[in-house]
Every structure is written in C-alpha cells, then in structure tokens.
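Just the one chain here, laid out as structure tokens, in the form predicted alone.
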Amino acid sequence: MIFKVCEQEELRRLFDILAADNTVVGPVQTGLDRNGSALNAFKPVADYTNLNLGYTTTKLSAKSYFLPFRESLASFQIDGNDWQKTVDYHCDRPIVFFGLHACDINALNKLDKVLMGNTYPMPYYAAKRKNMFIIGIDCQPQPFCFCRSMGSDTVLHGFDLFITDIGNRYFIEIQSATAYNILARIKTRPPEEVDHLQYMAIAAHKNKQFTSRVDTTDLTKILDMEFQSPVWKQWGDKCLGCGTCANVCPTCYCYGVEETVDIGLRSAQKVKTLYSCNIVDFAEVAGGHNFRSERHTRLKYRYYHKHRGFVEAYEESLCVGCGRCGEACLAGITVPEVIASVRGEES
C-alpha cells in the first residue's frame, strides 16, 4: 500500500488528465430538497468545478452504471437468407468514477462476488466493471448511515485511488499500478508525520459521528430462531410492496429477462430489467401459483437474503449500511428498526 499527499489544486489537474481521454462520472448537485439540503446524483462531468466532492449521499448509487435498470442483452435480425446476432456490452469507452464513498465501493465488491465470482459470470456486468477507474473519497456519516455496523465505512480494495481531505491537502491511498503512473503526472509527495496525525484526527472525528447502529452479533442465528416471529407480519402490514428499497439499494441485483419476437419472425430482442423481491409477482410461477403472495413474507425474505443467506454463502452481509432504503421508503421502514425489533429491542 502506497500513500501520497497532494495540494488541493492538484486534484483539478488529476481530473483534467483523466477527463482528456475518458468519460468522468462524479457527484453533481442537482437541486435542493424541501429542507434546503443539497440533492446529489452521479452524472457525467466535463468540468471539475461541477464536482461536489463534499457531498453527503446520493439517492441512487453508482450501481446504475454497472447494472442499468433496463439493458438490451442481445438481438437478431433476418435480412434475406442471412441472419445477424448482436450482443452489446455497452462499455465502448472507459469510465472514471471520481468520488465514490467507501460504502458504494464495498457494494460493488459484493456484487463482484455474485456476478463475477461464480461459475457463470455475467459478461455484461464484468465488461463494465473491468472498464472502470475508481477514485474513492472519504465522507461524513449522516444520521441514517449505519455502515460502521456493517463494516463498510472503510474499504480495502475495489478502487484505484482513495482520497481523504485533511485540510488544504489530500491524503491519497494508491491501489493500482495505473493509478500510480497517473499520479506521477501531478505534484505529490510522501506523507509526513503531520499528515499522519491529521489523517488520524479526521478518522477519529468521523468515528464519533455515527448515530445509527445495527447490532449484528449472532444475527444469523437470531434470524433463524425468529423466522416465525410476529414482527414480520407487523412490518409487512406497513410495507407497500413498491420495490423502492431495491431500486435505491446499491447491492440488489434481482432481475427478469423478457424476449420479444417480431410477428413476422424476422427479428427479436432479449432485454434484462432489474426487479424487486418485494413486488407482488416476484415469486409467481407458470400456472399462477405465487410462493410469496403476502407482503410480510416478501419483506422477510429480502432481509434474510441480505443478512442470512448471503452471509452463509460469502461470510459477510449483502447490506453496506448506506441507509438509502430507509430514506427512500414511503412507509418509513428502516433496517436498524427492523433488526432491532427482530432482536426484541427498541431501535
């Protein structure tokens, strides 16, 4: 692991170098909410001044650039006696992500395990993921963040550079040879003792800002014991079954595939669309039987997938504690409250 320090103005030079040959995506302020707080979203950025690197969070994660809501997988067309199949991975030009928080980088690492680490990796996701240069940036916890509880407030891999604002300069962690070579084109220096002290002071201050927590102690065992708990029915009665939580979640990856064939059998298209296990027909099969027709059952299985099934398969939770689901939920359901109720505790 290599560390460097640069002055703040050098970050603009780094941006210009990367933007010269790549599409840069970063946090951009898109407006204000009803309380006057900034609304941010990940969007293509051509000018460094448009980046909002001090952003708190975004409604949607960077997942949409790797797993778009709707994506054409393949198509074919018959022309005369010839037919042509087209497969588009939608990654012609490299993308630089400039300013991802640790929780969002950890979310991509978790998706990698599912979509790239199994016997049948998803080539569309893998092609985009391998065509990315990621610059992470430190953040200040929000009242709804519980990433510390999920071990996602820091990140060890899955990025090229990670920067921390330590006053009038940036502390930089380098994780790839590509990043090291690019940094050689701007002015940096090895960190000094004062830089280390400032970095640790900022980290200590950040740790004190977490107010939302989830007790994960023996959580998989407790979920097994409380599978029939009445609290699931209580939360199910509150849930609207709209799927908003999955839409904003950085790690939800369930999807459906639809094939449409031209009535003349001259062309066809296969399209993948992201879906949610909270939607009423998610577990409906041919013949009309629905294995999860009740809202509380669907809500329960979503929590069991995140905090039980994924842990069994990968020894870590699928949730990164970003809190987006609770902030977006129209019924006000939050992960800390649900888990606390399952444990028989007050949130």
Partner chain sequence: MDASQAQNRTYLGMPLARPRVAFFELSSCEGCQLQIVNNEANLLDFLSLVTVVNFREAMTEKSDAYDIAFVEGSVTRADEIERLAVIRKNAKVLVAFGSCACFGGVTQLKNRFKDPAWVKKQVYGDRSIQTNDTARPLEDFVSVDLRIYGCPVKKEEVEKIVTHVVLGRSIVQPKYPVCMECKENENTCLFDLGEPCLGPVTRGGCDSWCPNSRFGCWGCRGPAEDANVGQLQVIMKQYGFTEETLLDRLECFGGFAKDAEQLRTNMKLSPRRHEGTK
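Positions refer to the first chain, counted from 1. Predicted, not measured: the structure shown is a model, and the values here were computed from it. Basically, rigid core = biggest C-alpha set you can superpose within 1.5 Å across the two forms.
The form predicted together with the partner chain is left out here; the points below concern that form.
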* Can you work out whether the partner chain is within 4.5 angstroms of a heavy atom in all three of 154, 215 and 334 in the predicted bound form? => no
* Structure fact -> Only one of 131 to 139, 108 to 116, 78 to 86, 145 to 153 has residues with a heavy atom within 4.5 Å of the partner chain in the predicted bound form, and that stretch is 78 to 86
* Option touching the partner chain, based on a heavy atom within 4.5 Å in the predicted bound form, out of 248, 183, 174, 202 -> 248
* Asked: Do residue 69 and the partner chain share at least one heavy atom pair within 4.5 Å in the predicted bound form?
  -> yes
* Asked: Taking heavy atoms only, is residue 275 within 4.5 angstroms of the partner chain in the predicted bound form?
  -> yes
* Can residue 39 be called a contact residue for the partner chain in the predicted bound form at 4.5 Å between heavy atoms? -> yes
* Check whether residue 306 has any heavy atom within 4.5 Å of a heavy atom of the partner chain in the predicted bound form, and answer yes or no. => no
* To do: Residue by residue through 210 to 229, tell me which have a non-hydrogen atom within 4.5 angstroms of the partner chain in the predicted bound form.
  => none
* Per-residue C-alpha change between the shown form and the other one, residue 78, threshold 2 Å, rigid core fit -> yes
